[in-house]
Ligand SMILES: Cc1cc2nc3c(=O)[nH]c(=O)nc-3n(C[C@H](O)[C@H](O)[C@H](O)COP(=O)(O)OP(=O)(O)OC[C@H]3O[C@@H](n4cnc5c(N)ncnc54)[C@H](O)[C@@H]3O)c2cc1C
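In structure tokens, one chain follows: the form predicted on its own.
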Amino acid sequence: MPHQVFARVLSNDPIIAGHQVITCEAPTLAAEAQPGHFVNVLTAERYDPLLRKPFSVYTVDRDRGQISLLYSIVGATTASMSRKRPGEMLDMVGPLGGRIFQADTRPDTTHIMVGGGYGVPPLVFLSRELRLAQSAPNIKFIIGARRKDLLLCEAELVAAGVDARVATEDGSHGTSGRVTDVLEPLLLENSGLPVAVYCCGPTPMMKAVAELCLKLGVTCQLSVEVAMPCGIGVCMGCVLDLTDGRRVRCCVDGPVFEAGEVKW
């Protein structure tokens, strides 16, 4: 059930150039948020209830009642967020989302996260929840970026013991190319074994990952990233076409879909 929360900011720190992590005290959201959920943020400098901006949940600390968002500073809302200081309040509505990530429950499954840019945070959340739920989950995390200085969360994942692999389009770090250049050989190595792919990021990247997984017969869930101004299915600003002919609202009918459902 979504809640409007005026959350007290605890910290708001840079993570890489142009990106920050804002952590807030929000016990209700922390208790209910799951991987794939998002929150819609409104800042006083852009006070219009229909101009909230969606942000995937990055981390939660349920014991402390804290939630964090990782965001890039690209517009008025995120610029306003970047100026928030500890003790100030952030207006959030959440947790939002009708369909969220469902971890594959097959024994000995290899869980492969594929994230690029703003698609990395919800997958970090998912990998953390898997590690809490299972004693030793087999997680591999593929991070994509145009260049090395735009990579998110590699050090954090490595420190947590996650097998993190990198692809940069300019070849400045990791594999030179796209995430599918790392994903395809990994899937072929695990052919015939239980594998599940979870993906979030720019639409062209998700399309390529979905098509590869469908070709190889691998389960793949996608968290579709589109503008979701209201987040509750009222404004119809996030309509998505599905392969079965239906038109659905990403905010309440998604944002997570199976690879074969999305009409690109």
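Numbers follow the displayed sequence, beginning with 1. Nothing here was measured: the structure is a model prediction, and the numbers come from that model.
In what follows, reference is made to the form predicted together with the named molecule, a form of this protein that is not presented.
Heavy atom within 4.5 Å of the named molecule in the predicted complex - the one residue of 71, 125, 101, 141 that qualifies: Contact check passes for 71.
Of these, 168, 190, 180, 77, which has a heavy atom no more than 4.5 Å from the named molecule in the predicted complex? Checked against the cut-off, the match is 77.
Name the stretch: of 219 to 227, 24 to 32, 59 to 67, 203 to 211, exactly one has residues whose heavy atoms fall within 4.5 Å of the named molecule in the predicted complex. One stretch meets the cut-off, namely 219 to 227.
Check residue 38 for me: does it contact the named molecule in the predicted complex (non-hydrogen atoms, 4.5 angstroms)? Yes - in the predicted complex, heavy atoms of residue 38 and the named molecule come within 4.5 Å of each other.
Non-hydrogen atom contact residue 231 with the named molecule in the predicted complex at 4.5 angstroms: Result no; residue 231 lies far from the named molecule in the predicted complex.
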